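Structure 1 and structure 2, given next as structure tokens, are two forms of the same protein chain, each shown alone.
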Structure 1
Amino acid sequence: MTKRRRRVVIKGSSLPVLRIVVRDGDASALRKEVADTIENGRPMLAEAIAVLDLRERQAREVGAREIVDAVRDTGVRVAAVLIGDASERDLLTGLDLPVIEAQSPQQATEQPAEPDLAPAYLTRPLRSGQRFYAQGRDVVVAAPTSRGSELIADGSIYAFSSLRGRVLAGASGNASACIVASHLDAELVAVAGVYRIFEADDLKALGSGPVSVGLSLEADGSERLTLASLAPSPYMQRR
């Protein structure tokens, strides 16, 4: 007798899930900022599922319920709400959304070390419509990626080639991940979920040479994506 093929299987997934982090602020300003931020992120949010992260609010001037409403008003598909404090759970009862209580990343103790996997090695060009995911590791890229492609790593991305599609490092939250590329002409760049979308000419200022991308911590505790050219300055070149 042949073995019956199992009809129900549980598997891991690498679906893009974005975290919308909302911090403190007064009600009307916050509502507008939610709308603006989401409008800017639209191309990325269009296909993604979003999780609303309310854990970084300390003052809680605006209720959790109001924020959920504001985000939903923008049309984004919210899959769950993350809260840091059980007392907020009551405010969210009656929502048809899972409410997950989890420690905020700031309180969290040492992140578990990334497993010691050798980096993935990408040697064929990544074409429009293709995706490459280096799960739980870095990736070394030795062939160009095209517009419309998606290069994702849980670790860092080191490219000895041009990166042109979407490029996402630290995809599962590693804020110390970085992207280094010998030429960057990407449509979107992200590190640990902090992302920027680029129009055709946005990256021109960085020149055609090597570029590095990483997260830097601002004075107010927020994270910012920093892009820097690694090319020698014109002065050096002249010598």
Structure 2
Amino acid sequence: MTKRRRRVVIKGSSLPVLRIVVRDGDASALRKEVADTIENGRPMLAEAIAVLDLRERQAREVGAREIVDAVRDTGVRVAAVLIGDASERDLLTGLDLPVIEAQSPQQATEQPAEPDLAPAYLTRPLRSGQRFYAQGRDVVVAAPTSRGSELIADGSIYAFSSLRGRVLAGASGNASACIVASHLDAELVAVAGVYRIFEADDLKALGSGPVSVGLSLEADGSERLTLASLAPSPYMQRR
């Protein structure tokens, strides 16, 4: 007897989730900072699930409800709100949003765990409109990716072919992740949520040789993407 295929099932998902992190700041400038940041990040938010992360606030001069309203006013569809203090739950009632209490990065005793699984391998071309997600691991890219494609890894990305499209490493928050490519021709790159959109002149300045992309910490505590040209290697030839 053939078992009837269930019409409704619950499964895990490899969809990317981006955190909109709001830290302490001037209440009078909140809406402008939120609007500017989200406007600059539209390319990343376009096809991702967005959650609002309020766990990194300390002074808390701006109320949690006011932050949620500011983000919603930009048109971003927020899927949930992350809080580190249970007392904020009552302040967020009536929003028709899941409120999830979770440990904040400051409370964690170590950096996000680096992937300890064997790397994933991308051996077929990634076409425009396609997405490849290496969940919980690094990815080794042995085939070209096209403009309009999306390559995501919770760990690092090592590409031995031309890397185009949107390329996101450290997607789960691993700030030690990096991108190494024999030839970088991407529209957007990101590491642990810090991103950069490349224009034609930016790519031309990089040259045609191998490059690396990683995060560096500024004196004021902010993070920025650092790009560096690498010495040519016989194992990193452009294809």
Partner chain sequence: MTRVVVVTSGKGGVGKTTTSASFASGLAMRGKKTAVVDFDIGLRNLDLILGCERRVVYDFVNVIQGDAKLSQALVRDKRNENLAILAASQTKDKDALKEEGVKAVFDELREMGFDYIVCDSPAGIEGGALMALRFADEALVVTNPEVSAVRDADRMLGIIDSKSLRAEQGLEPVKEHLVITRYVPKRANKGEMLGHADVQELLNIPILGVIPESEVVLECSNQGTPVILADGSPAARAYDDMVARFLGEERPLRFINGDASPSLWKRLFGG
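Residue indices: 1-based, along structure 1. Predicted model, so just to flag it, every value in this text is computed and none were measured. In this text, rigid core is short for the largest set of C-alphas that superpose within 1.5 Å between two forms.
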Structure number, where the criterion is the form predicted alone = 2
Determine, after fitting the two forms on their core, whether Val34 shows a C-alpha shift of 2 Å or more between structure 1 and structure 2.
-> no
Taking the rigid core as the reference frame, is the Cα of Leu82 displaced by 2 Å or more between structure 1 and structure 2?
-> no
For Gly148, state whether the C-alpha moves by 2 Å or more between structure 1 and structure 2 after rigid core superposition.
-> no
Per-residue C-alpha deviation between structure 1 and structure 2 [Ala134; rigid core superposition; Å] = 2.3
